[in-house]
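Given next, in structure tokens, is a single chain: the form predicted on its own.
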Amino acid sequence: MKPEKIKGLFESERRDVRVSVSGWVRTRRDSKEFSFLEINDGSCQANLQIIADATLPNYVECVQKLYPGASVCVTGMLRQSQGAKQSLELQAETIQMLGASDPLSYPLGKQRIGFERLRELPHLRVRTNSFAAVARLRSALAFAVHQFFQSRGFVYVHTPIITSSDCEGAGEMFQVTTLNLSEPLPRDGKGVDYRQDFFGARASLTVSGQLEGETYACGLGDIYTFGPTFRAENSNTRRHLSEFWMIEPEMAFADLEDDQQLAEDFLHEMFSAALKRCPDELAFFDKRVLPGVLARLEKLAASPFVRMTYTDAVEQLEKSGHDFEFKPFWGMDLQSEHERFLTEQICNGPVIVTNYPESIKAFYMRRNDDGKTVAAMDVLLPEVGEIIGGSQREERLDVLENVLCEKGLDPARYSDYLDLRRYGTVPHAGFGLGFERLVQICSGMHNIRDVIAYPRAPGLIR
């Protein structure tokens, strides 16, 4: 029979009943007459204390060989604990060792281990308090993402991972090929002859599901994607991953104002969901990872988002008199220091900056009538900077064709995308949010590599 979850035992009011639980041993303390075991099954932050009497028939050969990391199945009486540190304890009647653990080689002992060392142990680090809490928070937020969009009538669309389109136009894509790289590559006079490759054309891993998402929005109305994306950007920082998950809603018959409102509503809902569903995990993060993260999350969940244009934002930065490392000027891409100054010093809360210079934004963003800016937005948070980037899309065929040529992109590669403008074009808008950034904000984890199970980054594959 499948054992009960430790979380369920703590949440129930049952006492003096016989139950079975399984988990991994965190600690064992021995006395003359009994041993205390702390076990955890991953269902919650708390460990369950097991009292194992020395009279158990396998006490010597089993219980006293239960070292940290060993797995056990325990049956016994659940009762109110007499100790001050826990509310429940289990008086063991039977203890079965499912898997032993070598105390000399097991790397997760009682001593505290740094996150950098734990990144070298991705297969074991989820057994620690920090990474188990991150995993549960991540799961709760992922569920909340689907609930938010489904409750608003959005259709969930699975966009392709392998693509021939570069959504961002930056060229930082991982190539996918079945050509034999140990032999000379076939050539056609212009370079590699991809007609002989698996797909008959150059293919890459997607950097975004937006372009395909737009096609479905222009037939279904409101859609969202939530899946893995890839960037071959050689950024070895605490804020970048080569493989991450993106949330990308797209709305037909919508403009930039609708996009801003959706983004604000979405973030409010995500922060509220984290507070509601993961109180123990957030309390742990607040105590052990980043003191103050809980208060920050509570404030973000209740804060209105200030809205300002890029031009106004630059003016505010210029007249602030602050000694920035990068002097602000109109036309520049705002740096993290500028984004944080806007949110922390000028507005004291989240900010949505709109209408950026067209020269620093992607080809698909709608050109504004001023001829200088596009209908783009970035959502900025205190202590974090940018969390969401979005825009109203360019729905005018002639304008979009001209922009593609200006950016040096081949319109033939975007023929499907252009067809949306040929046949029943509509105003539409959407945004993208890196899911790991959201988990990082809610948990307070310093490095983004610590909020995904198996991080991928330059030189890091396992």
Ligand code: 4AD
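Numbers for residues come from their place in the sequence shown, where the first is 1. This structure is a prediction, so every number in the text was calculated from the model and none was measured.
Another form exists, predicted in complex with the ligand; not displayed. Remarks below refer to it.
Asker: I have Phe148, Ala263 and Cys442 flagged as a candidate spot, so tell me whether each of them has a non-hydrogen atom within 4.5 Å of the ligand in the predicted bound form.
Answerer: Heavy-atom distance to the ligand in the predicted bound form: none of the three under 4.5 Å.
Asker: Could you check which residue among Phe271, Tyr364, Tyr224, Phe285 gets a heavy atom within 4.5 Å of the ligand in the predicted bound form?
Answerer: After the contact test, the surviving option is Tyr364.
Asker: Please pick, from Pro382, Gly389, Pro357, Pro122, the one residue with any non-hydrogen atom lying within 4.5 angstroms of the ligand in the predicted bound form.
Answerer: Filtering the options by heavy-atom distance leaves Gly389.
Asker: At 4.5 Å between heavy atoms, only one of the stretches 243-251, 187-195, 99-107, 336-344 reaches the ligand in the predicted bound form; which one is it?
Answerer: Stretch with heavy atoms near the partner: 243-251.
Asker: Report yes if any heavy atom of Thr163 sits within 4.5 Å of a heavy atom of the ligand in the predicted bound form; otherwise report no.
Answerer: Outside the cut-off, so no.
Asker: Taking the ligand as it sits in the predicted bound form, is Thr206 near enough to touch it, meaning that at least one heavy atom pair lies within 4.5 angstroms?
Answerer: Close contact is absent here: in the predicted bound form, Thr206 is far from the ligand, nothing within 4.5 Å, heavy atoms only.
Asker: Is Ala375 a contact residue for the ligand in the predicted bound form, using a 4.5 Å heavy atom cut-off?
Answerer: No, no contact at 4.5 Å.
Asker: Can you tell me if Ile50 lies within 4.5 angstroms of the ligand in the predicted bound form, counting non-hydrogen atoms only?
Answerer: Taking the distances in the predicted bound form, the answer for Ile50 is no, it never comes within 4.5 Å of the ligand.
Asker: Could you pull out the residues of 433-456 that have any heavy atom within 4.5 Å of the ligand in the predicted bound form?
Answerer: Heavy-atom contacts to the ligand in the predicted bound form: Leu433, Gly434, Arg437, Ile448.
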